[in-house]
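So this first bit is one chain, no partners, the form predicted on its own, shown in structure tokens.
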């Protein structure tokens, strides 16, 4: 079963396909620009994006949005994570966290599925902490500074571990189970 995935990020498609294999679900990247609403909740961003792309393509589609929520920064950057990463990157987050003892953070991911029956949202979350320095070369975004709970390595140091425990993996597994009727 092929599912159209509106994203400009091929890394997200690869992660989705990793999760979809066991359910017989394959994700096909489509490049459709859509306005990303300014909201604090990744679920709202994914829902609005899926609605927009469906309206433009008139076919079933998913849109995914992820946010890094840092406790000491009152949830910043949250749903603005991609924008913040483009502006200050992981180095900027590390500067903001310099001297901060509470390094608790979580990644949240939301998939918005839109078809002729409406929108459905699938979410995932992984808790962890912000490392004091960047480590690892794999992955993308904030992967070099995020260590999931119960692990010693960042997502960028152990991409296989990321593919098993990540927020995105959780959301895609929920979606795949639902769409495959598992």
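Numbering follows the first chain given and starts at 1. Keep in mind that what you see is a predicted model, and the values were worked out from it rather than measured.
Heads up, the form predicted together with ligand IMP isn't pictured, but that's what we're talking about next.
A.B. asks: Within 4.5 Å, heavy atoms only: does residue 154 come near ligand IMP in the predicted bound form?
C.D. replies: Contact with ligand IMP, no.
A.B. asks: Although the partner isn't part of this model, could you tell me whether residue 128 comes within 4.5 Å of ligand IMP in the predicted bound form, counting any heavy atom of the residue?
C.D. replies: Although ligand IMP is absent here, residue 128 would stay clear of it in the predicted bound form, with no heavy atoms inside 4.5 Å.
A.B. asks: Give a yes or no for residue 36: in the predicted bound form, does one of its heavy atoms lie within 4.5 Å of a heavy atom belonging to ligand IMP?
C.D. replies: Taking the distances in the predicted bound form, the answer for residue 36 is yes, it comes within 4.5 Å of ligand IMP.
A.B. asks: Is residue 141 close enough to ligand IMP in the predicted bound form to count, meaning some heavy atom within 4.5 Å?
C.D. replies: Flag for residue 141 set to yes.
A.B. asks: Of the listed stretches (142 to 150, 115 to 123, 22 to 30, 48 to 56), which one has a non-hydrogen atom within 4.5 Å of ligand IMP in the predicted bound form?
C.D. replies: Stretch with heavy atoms near the partner: 142 to 150.
A.B. asks: Identify whether ligand IMP in the predicted bound form is within 4.5 Å of every residue in the set 65, 81 and 162, based on non-hydrogen atoms.
C.D. replies: The answer is yes; 65, 81 and 162 each reach ligand IMP.
A.B. asks: Quick one: which residues from 91 to 116 get a non-hydrogen atom within 4.5 Å of ligand IMP in the predicted bound form?
C.D. replies: The stretch touches the partner through 107 alone.
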